[in-house]
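A single chain, nothing else alongside it, follows as structure tokens in the form predicted on its own.
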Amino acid sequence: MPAVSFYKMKKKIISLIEKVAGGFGGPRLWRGRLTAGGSVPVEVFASDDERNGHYSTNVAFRLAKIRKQNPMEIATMLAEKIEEISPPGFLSKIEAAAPGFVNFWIAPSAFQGELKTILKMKGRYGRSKIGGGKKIQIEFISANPTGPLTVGNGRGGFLGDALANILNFCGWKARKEYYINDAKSSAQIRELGKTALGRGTSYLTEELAEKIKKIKLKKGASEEDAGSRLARELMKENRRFIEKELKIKFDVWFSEESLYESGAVRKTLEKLKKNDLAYEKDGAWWFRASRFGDTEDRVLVRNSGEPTYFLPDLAYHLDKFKKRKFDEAIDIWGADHYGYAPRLKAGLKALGVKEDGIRFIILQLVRLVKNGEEVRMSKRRGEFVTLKELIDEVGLDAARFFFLMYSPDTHMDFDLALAKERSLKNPVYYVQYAFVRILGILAKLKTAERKLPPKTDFEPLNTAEDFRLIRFLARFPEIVREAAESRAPAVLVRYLLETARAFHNFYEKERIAGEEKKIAAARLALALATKIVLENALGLLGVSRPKKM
């Protein structure tokens, strides 16, 4: 049986179900689900417990409702029919299980053969073209230039960076973008200008006062110009921190002020007026948001003549879709923007942007916890813990991994003590230590033993630990696709932890050195394949692969 990746294994199982189930009207695969007749979802999923197969399906329950039959009877029929038409060497076992599941076990030869693919493809293993070259813009961090980056900025920063890596790996053209809030007309910039000119204290701190002394403001500078100059200096500092310490490289740093300079903001307002999507009331201009699903109409320009954030945001997103022709835009925002997303979506819909073209990922709050108690105060400012302080405390790898472990729509307790702990209790240490153990295996072998024979025989890999590890390695392409399609790096993090656990079990129970020659070669191949998969997965997440710990 030739090597078949887990993703192709799932597709093959779905194809077999399609051939024998009947009455579906054209099943198709979508994010790991079989959609029948355009309306009936039938899951084919990897089993958590191998005793329930490597894959299972609930198709019998769906068919039972359509055919008015007992699910177990249908499951038994499906298992028998699929076994009859299954290609030789693909399935080792198939059975119906109460109350109506069908469980599938993949043949050992299919698993063993996948090692050849991993060893051949190396850094390309798991890469695909499912994105079809579609252009995706991911905008994240985009912090106000009035202070240092916060812990919340870190959660969004690492998410956006990892997501772009995963999408690019799977065939999309993802571009990372930082939106600089530097519009001279904004109240924030003017207030920053007042602070720079000594006329206000809204953002004044000891650190900011030192920075103001170092910048040279033109004599008679306006509050707008002073604020813009100071914002640029603060932004430079944030950029250095992002690039050098967070290791995040943005493709584009987009200036909000450029939207005013180019006339994009003015043209957007004119377009809304022309299409009767904006009206004047009490000296202000309002967008007819209630026509497009929002709860009420929204202000575009205040009666003072100052635009709200809403108008330049509309202009910015039109630039993404109409000018730069992105197929999809993903905005990663903090929890305080939850109510803003529907408003922006309504505005873009009115301006002709397809609803499925824009996706908002809203981050829930992060709570820093140490020894069971919440950490609230910054050491220096007495207000909040900055992202830099967090990185200095726990390290970049731990910060990245811990943030990426959690789905962004869940509240998160960041355990500072656990993140600093150098033991297998620490999730990132646990994964990295698996990688280091592989390097240790290779270091202990003699030079000749580190080279695989030209035609390595994988049949000796037949223990429970061998199979469990191979099974996890073979799932990597499927997992990366799932993480990309669901826009969820946390899927990949969970997979890494499970794969590391499978390797640690393998390491504790099986040997390479001292084994019979064929077994040693096969196990060496398994260790090298594990190293490749761990390297690829950690690389996509932006987590380092240490040589020693």
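On a predicted model such as this, the values are computed, not experimentally measured, just so you know. Start at 1 with the first residue shown and count on from there. Take the two forms, find the largest set of C-alpha atoms that superpose within 1.5 Å, and that set is the rigid core.
If you look for the form predicted in complex with the RNA, you will not find it shown, but the lines that follow are about it.
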item	value
Options 344-352, 72-80, 422-430, 243-251; stretch whose heavy atom lies within 4.5 Å of the RNA in the predicted bound form	422-430
Listed residue that, although the RNA is not shown, lies within 4.5 Å of it in the predicted bound form (heavy atoms), from Phe472, Phe403, Tyr178, Phe101	Phe101
Contacting member of Asp457, Glu206, Glu296, Glu270, with respect to the RNA in the predicted bound form [4.5 Å, heavy atom]	Glu296
Ile130, heavy atom within 4.5 angstroms of the RNA in the predicted bound form	no
Partner proximity in the predicted bound form: Ile512 to the RNA, non-hydrogen atom cutoff 4.5 Å	yes
Contact of Glu210 with the RNA in the predicted bound form (heavy atom, 4.5 Å)	no
4.5 Å heavy atom contact, Lys446 to the RNA in the predicted bound form	no
Heavy atom contacts to the RNA in the predicted bound form at 4.5 Å, residues of 498-513 in sequence order	Arg501, His504, Asn505, Tyr507, Glu508, Glu510, Arg511, Ile512, Ala513
Is_shifted Glu508 between the shown form and the other one (CA, 2 Å cut-off, rigid core)	no
